[in-house]
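The chain below stands alone and is given in structure tokens; this is the form predicted on its own.
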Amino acid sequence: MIYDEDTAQQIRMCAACPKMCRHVCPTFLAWRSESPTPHGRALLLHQEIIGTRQLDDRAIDVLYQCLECSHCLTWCLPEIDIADIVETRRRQLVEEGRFPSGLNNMVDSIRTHHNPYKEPHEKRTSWLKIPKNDGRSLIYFTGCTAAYRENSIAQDAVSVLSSLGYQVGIPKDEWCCGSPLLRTGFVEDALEQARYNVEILNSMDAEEIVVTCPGCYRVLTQDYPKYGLEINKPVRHIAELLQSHLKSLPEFEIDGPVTFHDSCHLGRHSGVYEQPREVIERVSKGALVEMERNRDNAMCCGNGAGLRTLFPEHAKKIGAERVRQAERTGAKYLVTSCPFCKNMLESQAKDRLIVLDLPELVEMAKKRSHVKTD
């Protein structure tokens, strides 16, 4: 049997459910089909368990049409984590060699270049300018997206951390954290990246590690320990660190309302909701306006768990809908705390909203306020 009895029972319950979570499932919005919903995926797995239908290529595609955003879990009274069950089956499909071929380029790129973008590894952080000071030592683990696609997030994070008195250190040879591999089922490849990162991070002399990517945050704080890999320093997301320095952050009169998008990994998967909001309220002098769907009810941006790699047009539909939800608040600025989310939301907002990551907003406040932080 592929699943233990308890998991098989959970799958059966989800498959028999009257679909109370379907209305919040972003892939239902994108496909307008029953198949790519929590119920549809559970039904396929239940049919496999009882032997009425084996997983064919179409069924495997449906399992990879899940963002693993866990939004369904917030609406599930028996608390069935279908996203975790789907990820478990993905691991088995990879072991069986039955995963979608569209993942090959991403996996090969991480194996070869230690990032999913086929970018030269030696250019990962070589461009970053690190100010020198005598403050508390801190390691900034940049993550792939800030290093290769959203450079201003990494540079502004370093600037803000330095202005708060930290001596920022960057790992000389940081690899991908492994999140894209873990979420798509390639555990052994992910653990190769993970073991290397743990060795590098544990060898560095610093008080703590800070990340700007919630995917990295979830992996370093939850997935690494799950596989017996322990980092010998505390790990914080930059939103948490900035919130701990709230009174030292600059303030400025921002020229329009700001709304905030909760990333799935930082919010539903890690429980970090209020810290980025407190930072935004501080630096913008209370300009935050909430989307109707916020915190644990926030909609996914559409960029996670391999969806944009395999089904880019459907992923963009989800991102575009999230932008429309932001526009309905009347906000001029859409802020998130995730380079991956920013990348998707900015591509869909075009010139209708100014999309920023949290360190970029704080850096903007620092430059416009001319207040020296301490």
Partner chain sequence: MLDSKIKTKIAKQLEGIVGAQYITTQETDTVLNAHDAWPLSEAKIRAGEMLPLADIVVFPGSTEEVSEVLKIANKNKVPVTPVGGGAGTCGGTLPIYGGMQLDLKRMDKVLDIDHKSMLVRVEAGMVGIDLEEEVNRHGYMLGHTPTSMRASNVGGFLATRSGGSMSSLYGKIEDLTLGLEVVLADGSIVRTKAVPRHSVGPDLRELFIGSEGTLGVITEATLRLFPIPEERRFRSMAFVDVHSGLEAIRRIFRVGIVPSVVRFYDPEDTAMAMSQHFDVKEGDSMLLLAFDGAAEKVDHEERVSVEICKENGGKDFGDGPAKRWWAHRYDMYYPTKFTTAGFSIGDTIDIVATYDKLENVYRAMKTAMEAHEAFVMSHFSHMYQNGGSIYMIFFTSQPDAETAWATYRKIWDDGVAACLREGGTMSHQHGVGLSRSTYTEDELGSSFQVLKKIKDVLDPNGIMNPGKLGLGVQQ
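Everything quoted here is computed from the prediction, not taken from an experiment. Residue numbers count along the first chain shown, from 1.
Here the subject shifts to the form predicted together with its partner chain, a form of this protein not shown in this document.
**Student:** Picking from 302-310, 331-339, 344-352, 45-53, which part of the chain touches its partner chain in the model of the complex when contact means heavy atoms within 4.5 Å?
**Tutor:** In the other structure, the partner sits against 45-53.
**Student:** Classify residue 364 as contacting or not contacting its partner chain in the model of the complex by the rule of any non-hydrogen atom within 4.5 angstroms, answering yes or no.
**Tutor:** Heavy-atom contact with its partner chain at 4.5 Å: absent for residue 364.
**Student:** Would residue 229 count as a contact of its partner chain in the model of the complex, using a 4.5 angstroms cut-off between non-hydrogen atoms?
**Tutor:** Answer no; every heavy atom of residue 229 is more than 4.5 Å from its partner chain in the model of the complex.
**Student:** So in the model of the complex, is its partner chain close enough to residue 320 to count as touching (4.5 Å, heavy atoms)?
**Tutor:** Result no; residue 320 lies far from its partner chain in the model of the complex.
**Student:** Given that the partner is absent here, does residue 62 sit within 4.5 Å of its partner chain in the model of the complex, heavy atoms only?
**Tutor:** Yes - in the model of the complex, heavy atoms of residue 62 and its partner chain come within 4.5 Å of each other.
**Student:** Under the 4.5 Å heavy atom criterion, name the residues of 9-42 that approach its partner chain in the model of the complex, in sequence order.
**Tutor:** Residues within 4.5 Å: 9, 12, 13, 15, 16, 17, 18, 19, 20, 22, 23, 28, 32, 33, 34, 35, 39, 40.
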